[in-house]
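Before any questions on binding or motion, here is one chain by itself as structure tokens, the form predicted alone.
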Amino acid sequence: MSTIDAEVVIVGGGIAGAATAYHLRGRKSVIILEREETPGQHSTGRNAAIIREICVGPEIAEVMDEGAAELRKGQLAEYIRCGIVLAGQGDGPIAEHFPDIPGNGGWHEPGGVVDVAGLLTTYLQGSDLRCGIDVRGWQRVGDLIEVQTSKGTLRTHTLVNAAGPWAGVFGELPLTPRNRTIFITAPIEGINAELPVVWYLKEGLYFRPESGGLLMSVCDQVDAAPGDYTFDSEVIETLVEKLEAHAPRLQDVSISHYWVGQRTFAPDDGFVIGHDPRKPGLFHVAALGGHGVTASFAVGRIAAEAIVRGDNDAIAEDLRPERLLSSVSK
């Protein structure tokens, strides 16, 4: 029998790959390959850290519920249970929770914010993480997969596609990265860390406390190439317009800095988890669509159990990659 370097090689050291490795610990030998010098530099490190399982599609609802419940225990990483006001989704005054913000909304007490860097560290602890390595290709040789990298070839039984924005290209799946801009304001008088997240779901706007000011987004979604974080200056105009309409108290805030992150989607907005029926040995953990942090614990558990089992039988049909393959060559 040919020798292997690890039973599982995971491409991508972000939240999806790290959570999968976490649940495989003690069950399979794992190597994680990360192209950057430190993990979590792309989708994982460019998100808003808000934990919510409400108002999501039915295909991912159970996964989100499980993931959020685990994070709220505060054992994987620090969790701030600040609550979320869903503007327009209830009759309670928003100002009861966030001063001087007009309108009504529904109160979701369990919602909050997690320490994403701490969560990623927990998932990766004890893993064989190899950074600064590009994966240049792979092929099946007999009963193994040979992975060609910038630092040599690795042999494995299972290759996991957890490549974030690059997952569609790497796994030959119809996945689309979409850019979203996050703004951070300068400190604002009266803003403290105990205030909740305020989210206008229909209007596309949210904000929450961050470093004495606010973290804000207009929920922009712009199709982009993997790793293309081009900033669209028109988003600032949209932010001003939405604040003027919904939170006039905040319309004159000063923007300290911003970043553009990418969220990767399948055509039906569902997650993609499972063995690829076209390519024996390839497993996908992809298209988490901006829900990666919240869902990570459950996604990693589902992925790890399927990898250990060697089939997709325990994965819900609306999460499996098979549903997408009619649109790509087999």
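Just so we're clear, the structure is a prediction, and the values are computed from it rather than from any experiment. The first residue of the sequence shown is number 1, and the count goes up from there.
Beyond what is shown, the protein has a form predicted together with a small molecule; the following relates to that form.
Picking from 53 to 61, 23 to 31, 300 to 308, 284 to 292 the stretch near the small molecule in the predicted complex, with a 4.5 Å limit on heavy atoms, gives 284 to 292. In the predicted complex, Asp134 approaches the small molecule with a heavy atom inside 4.5 Å. Mapping the unseen interface onto this chain, Asp65 falls outside it, with no heavy atom inside 4.5 Å of the small molecule in the predicted complex. The small molecule is not drawn, but in the predicted complex it has a heavy atom within 4.5 Å of Ala163.
Heavy atoms of Leu195 never reach within 4.5 Å of the small molecule in the predicted complex, leaving it off the interface.
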